[in-house]
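Okay, here we've got a single chain as structure tokens, the form predicted on its own, with questions on binding and movement later.
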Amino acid sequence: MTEILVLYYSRNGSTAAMARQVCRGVESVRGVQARLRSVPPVAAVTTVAAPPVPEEGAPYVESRDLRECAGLILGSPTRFGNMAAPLKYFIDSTSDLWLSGALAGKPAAVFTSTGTLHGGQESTLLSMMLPLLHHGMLLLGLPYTEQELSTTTAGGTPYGASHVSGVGAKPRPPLKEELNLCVALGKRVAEVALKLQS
């Protein structure tokens, strides 16, 4: 079975909800399954070590998850127009994979969630692509053949799926168009991974 790694960080649940929809898209392609993983939070000062397995949500990613995947889809909330520190911290630890070329030639895509409409969705998606290019991955976005790109009034870009969660203690759940674009992104990476394997 071909596996696509869907790797994300989520603080308030919006990016996690998107990741689950991306997985639905991956698994809509016959012969492909999603491997859902997350990264642990980081702090400037560590007072207590985090448990090796999260209490809820997807298991934490391991280096072997990247080695074994046929494709990678990264998700992160936006932090000042960039990916969140926990995801960047993990990516910064993948030098061994870069040296061995373990990810070279595999398809990849990105998705994000922001608090506001102009909160840096596109810059976050583009910044998430940079380390994937260094790893030699083949980047995929969303083509305008996906109707929701032209009709959405919230998230959705050709660089990857996105969601506007709103500002406040209770994030707004993704809209139908945003969810459809998450599914489309997962499906696209899965289809390309199968083509590359054959």
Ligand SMILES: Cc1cc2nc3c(=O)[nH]c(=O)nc-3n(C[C@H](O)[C@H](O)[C@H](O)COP(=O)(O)O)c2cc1C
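No experiment lies behind these values; they were computed from the predicted model shown. We number the residues from 1 along the sequence you see.
The same protein also exists as the form predicted together with the ligand; that form is not shown, yet it is the one meant from here on.
K.L.:
Applying a 4.5 Å heavy atom distance criterion, does R20 contact the ligand in the model of the complex?
P.N.:
Contact with the ligand, no.
K.L.:
Consider N180 of the chain shown here, and say whether it contacts the ligand in the model of the complex, taking contact as heavy atoms within 4.5 Å.
P.N.:
No, N180 sits far enough from the ligand in the model of the complex that none of its heavy atoms falls within 4.5 Å.
K.L.:
Is K106 part of the interface with the ligand in the model of the complex - any heavy atom within 4.5 Å?
P.N.:
The answer is no: K106 has no heavy atom within 4.5 Å of the ligand.
K.L.:
Hey, in the model of the complex, is K187 touching the ligand, heavy atoms inside 4.5 Å?
P.N.:
Output for K187 is no: heavy atoms all beyond 4.5 Å of the ligand.
K.L.:
Using a 4.5 Å cut-off on any heavy atom, which residues of 53-84 would contact the ligand in the model of the complex?
P.N.:
Those in contact are P77, T78, R79, F80, G81.
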